[in-house]
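Presented below, as structure tokens, is a lone chain in the form predicted alone.
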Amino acid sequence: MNGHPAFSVERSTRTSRIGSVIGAVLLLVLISVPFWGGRAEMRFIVEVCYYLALAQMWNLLAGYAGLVSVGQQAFVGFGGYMLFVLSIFLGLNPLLALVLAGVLSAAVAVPTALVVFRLRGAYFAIGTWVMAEVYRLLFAQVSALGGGSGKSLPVAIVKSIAASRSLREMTVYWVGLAVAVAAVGLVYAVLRSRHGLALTAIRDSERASESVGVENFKTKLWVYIVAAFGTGMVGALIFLEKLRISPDAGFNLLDWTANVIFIVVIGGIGTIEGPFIGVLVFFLLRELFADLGSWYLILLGAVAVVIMLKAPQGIWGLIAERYNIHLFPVHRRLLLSKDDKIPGED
């Protein structure tokens, strides 16, 4: 080969291919749950799905773009309220309104970003929380949406989802599953694109990334808008499943941001696999300690502290480092032919 080593570029690994098969089988099982599972099981799986989707969106922001937001509940609540506005006042089908809620959340993320992007570090985190509170107070003043007490979806709109209650529950279940899969796929696609390379450069060093031509502001703004789109859709899903929304429920810091941060940190920030592990740990701890009242939150905090001290990269980060396992490989690998070697290499 004219003295040049033969090589190929590969992204997938043997582990990722095996994981893809297992994931496809698991997805088929989850799709079939409405045919053999009960109502409680479906509601539980939908809850797991929207927490997984929220965790993936927050991880895209903080783990890859370095935007540590504690105000993502702004888009959860906004997306939820847009579902009600679009379906009640514009007469749109709730499933169509769910998608448009994500689009509107992305649109409102632009002016929000222009405000909070002026801040850095801890000030950015506080700024995102303040903006979320501003949204909460604004929606609390809208009497057509129930003001501070909130509003329920009218029966006629609920029935427009499907003819019977069982079919509506199945539809919401499948939509929830689809949103979770789409969130994971969206993050994976972003990280495998040129934007993913830019995010990696920014995460390693903002100053160095600028020196190689990465436009940090535009890249972060783009990621912030993408995360807002996904988070807004999840917010619409949450309150489509609950059928009622209020400012305190929609813009709840503990439910939609603190718990999500816990999931990502425990599972492994900066990895797609981490939120999967974090969700499992979160729901396991909730089932075990939910009856302990305030001790439940103390135990969650203690677990988070222990993990951060013993495994700063999270549970999945520890596993991946020890066993070199990557279920969602986003980096390219250079594979040389067995008979070749890099020039100059001994």
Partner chain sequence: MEWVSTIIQGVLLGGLYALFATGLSLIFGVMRLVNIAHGDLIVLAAFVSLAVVSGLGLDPLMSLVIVIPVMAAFGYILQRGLLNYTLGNNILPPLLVTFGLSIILENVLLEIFSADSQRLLAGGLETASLALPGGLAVGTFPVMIFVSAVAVIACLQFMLYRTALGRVFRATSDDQQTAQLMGIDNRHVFALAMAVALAIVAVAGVFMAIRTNFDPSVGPARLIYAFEAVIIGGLGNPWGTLAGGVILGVSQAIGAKINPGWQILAGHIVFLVVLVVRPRGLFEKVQDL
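Quick caveat: nothing in here was measured; it's all calculated off a predicted structure. Residue numbers count along the first chain shown, from 1.
Absent from the display: the form predicted together with its partner chain. The rest refers to it.
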| property | result |
| --- | --- |
| Position in contact with its partner chain when the complex is considered in the model of the complex, options Ala163, Val103, Val155, Val115, heavy atoms within 4.5 Å | Val115 |
| Single option in Met131, Ile88, Ala201, Ala249 placed near its partner chain in the model of the complex, where near means a heavy atom within 4.5 Å | Met131 |
| 4.5 angstroms heavy atom contact with its partner chain in the model of the complex for Gln141 | yes |
| In the model of the complex, Gly121 touching its partner chain (heavy atom, 4.5 Å) | yes |
| 4.5 angstroms heavy atom contact with its partner chain in the model of the complex for Ile126 | yes |
| Contact of Gly37 with its partner chain in the model of the complex (heavy atom, 4.5 Å) | no |
| Full three-residue contact with its partner chain in the model of the complex, heavy atom 4.5 Å, for Tyr51, Phe78 and Phe283 | no |
| Partner-facing stretch of 94-102, 253-261, 238-246, 170-178, counted where any non-hydrogen atom is within 4.5 angstroms of its partner chain in the model of the complex | 253-261 |
| Contact set, 296-311 vs its partner chain in the model of the complex - heavy atom within 4.5 angstroms | Leu297, Ile298, Gly301, Ala302, Val305, Met308, Leu309 |
